[in-house]
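Just one chain follows, in the form predicted on its own, and it is written as structure tokens.
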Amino acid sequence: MELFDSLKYKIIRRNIKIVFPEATDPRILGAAVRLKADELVNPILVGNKAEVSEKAKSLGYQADSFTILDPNDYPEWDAMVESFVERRKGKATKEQAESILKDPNYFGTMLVYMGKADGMVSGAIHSTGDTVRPALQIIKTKPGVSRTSGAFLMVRGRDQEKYLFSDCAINVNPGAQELAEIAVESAKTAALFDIEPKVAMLSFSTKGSAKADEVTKVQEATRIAKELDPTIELDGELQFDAAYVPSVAAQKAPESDVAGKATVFVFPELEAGNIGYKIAQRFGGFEAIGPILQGLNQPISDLSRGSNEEDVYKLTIITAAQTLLK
């Protein structure tokens, strides 16, 4: 079963509600129509009802079947404001909350936090900061996870060759503890896509072949990750060739259960991760799907502003599938 067929099978007819703060964008509306018709999610559109309906009509869509919520006319506004003030623990007054929650990303994130929606997809016209900031302030990270991270699903060919690269989007230079948390969350994300997690903690060194503070960090992260979840098949530090190529693994890390078989690649810092996934994308012919935000209590996904309707459709399916993770 191909990747998205598998994900669709997992979420179809589960009544998963996904909120879209950018409801008048044609890409969002087009994807929402398809997702609703395919019975994959129930879209919640944020915006002025008349404006959203008019825009949908101009594109040939009927907005009648959608839930459209307007921050300026929301029946549970007072409860949302009160909940936001409580969640921010004194960092926002009631008056400030009423202003902040007019922002569609904050409003949409609060819908998720209050259980009115199961997840959110934004970023078609907003920056990553505009999407992620409300999530970090309101949804926050899971217990035991200090930071969110961004993974890319790397897919190539009809036989669906699949790998996960992480963190390629969020953390510039994570410490050993943070890197270990990223590894554990990445294993969970991989399993969601039917990838058997074999996690390689990447470095420019394999099993002590080089000595540097950067190598020590990855060694320590490997130790911590194994303590956090001993059930994960995980090893490090490994160079990419030792992690990926069986013949190289046999020479450089013959006793490793992961070397030469890795499916999840955890990069030691953002520069390497970002460069790495783009090389695989441009030179290796992989499709890079993401970034998939990991570690949040509830799924919030960040689109690229260069996304097309198909990208919105696919990332929403991934977001809906993330709601099934425990």
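Heads up: residue numbers just count along the shown sequence, starting at 1. Quick caveat, the model's predicted, so the values are computed rather than measured.
The discussion below concerns the form predicted in complex with a small molecule, not included here.
- This chain appears without its partner; in the predicted bound form, the one residue of Ile68, Ala280, Leu270, Ile289 with a heavy atom within 4.5 Å of the small molecule is Leu270.
- The contact residue chosen from Thr128, Ser83, Gln160, Gln219 relative to the small molecule in the predicted bound form is Thr128, the criterion being a non-hydrogen atom within 4.5 angstroms.
- Note on the interface: of 219 to 227, 196 to 204, 168 to 176, 108 to 116, the segment with non-hydrogen atoms within 4.5 angstroms of the small molecule in the predicted bound form is 168 to 176.
- Contact between Gln239 and the small molecule in the predicted bound form is not found at the 4.5 Å heavy atom cutoff.
- Residue contact check for Ser146: one or more of its heavy atoms lie within 4.5 Å of the small molecule in the predicted bound form.
- The closest heavy atom approach of Ala253 to the small molecule in the predicted bound form falls outside 4.5 Å.
- Using a 4.5 Å cutoff between non-hydrogen atoms, Ala249 does not count as a contact of the small molecule in the predicted bound form.
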